[in-house]
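Shown here is one chain on its own, the form predicted alone, set out as structure tokens.
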Amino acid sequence: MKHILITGGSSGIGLAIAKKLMEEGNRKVISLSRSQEKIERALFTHPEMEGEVDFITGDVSKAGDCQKVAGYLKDRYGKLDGLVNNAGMLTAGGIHDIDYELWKANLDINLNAPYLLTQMMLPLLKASGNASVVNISSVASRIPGRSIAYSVSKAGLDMITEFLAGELGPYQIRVNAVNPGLVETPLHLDSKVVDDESMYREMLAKSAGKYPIGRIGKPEDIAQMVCFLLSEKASWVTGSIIRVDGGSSVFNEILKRKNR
């Protein structure tokens, strides 16, 4: 039985990963979330996850909470075969818009928390003998997006990924990152990047044209790649920064799309 911890696993991409892993079987999924409300919403929407996914609460940006989670996993499961650092925060704006406290909050969740939690989980990951860490980054790490704090934090997360892949390889711990493009999740609404559902739908519709595939992403698109990286099929994949973005990174505004 493989034991996989997912942060931010009660909504959006994290929930899709948890659901996919549960469906694949032979895995015990532990979902860590700050919000009990989101956990209850996830169980209401997906009642089949009741008892199958171990939903726990905690703030990954706090060392004390990470220590408690590590102790809980050690006592209950004894090892950790996979860690998905998925929890994220997005505050739109540049240096004129984001004050220092918001800047720190974004970096705490998006950059410091994956470092802290991975460090705390190292004894459990080493006990696996064949562990995989997957960091959910963003194409905004390479191409400035809507938020200076988000882009900078994700660029740092990519470097953490590459550094740890080299450092932890001798312990048979693989470390990779998945960089999604725009994915339809509650993040933009929860973060108040857009004011309401109507504006969000308008933003998604306008954005779709910049994706050569012709659509924006779904959480399941990211979940498929994450599950691959967690599996033994990816046993020789480490230190990779993998874009799953529908081709948005290579979109060329000069070349007009032709009708088929």
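Just so it is clear, the model here is predicted, and its values are computed rather than measured. We number the residues from 1 along the sequence you see.
This protein has a second form, the form predicted in complex with a small molecule, left out of what is shown; the following refers to that one.
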Discussion item. Going by heavy atom distances of 4.5 angstroms or less, which of 147, 161, 138, 132 would be at the interface with the small molecule in the predicted complex?
Written reply: 138
Worksheet entry | One residue of 73, 165, 120, 109 in contact with the small molecule, assessed in the predicted complex (non-hydrogen atom, 4.5 angstroms) | 109
Worksheet item: Looking at 122-130, 168-176, 150-158, 95-103, which lies within 4.5 angstroms of the small molecule in the predicted complex, counting heavy atoms?
Response: 150-158
Worksheet entry | Contact flag, residue 186 vs the small molecule in the predicted complex, heavy atom cut 4.5 Å | yes
Worksheet item: Quick one: is residue 27 in contact with the small molecule in the predicted complex, heavy atoms, 4.5 Å cut-off?
Response: no
Discussion item. Can you tell me whether residue 212 touches the small molecule? I mean in the predicted complex, with a 4.5 angstroms heavy atom cut-off.
Written reply: no
Worksheet item: Can residue 60 be called a contact residue for the small molecule in the predicted complex at 4.5 Å between heavy atoms?
Response: yes
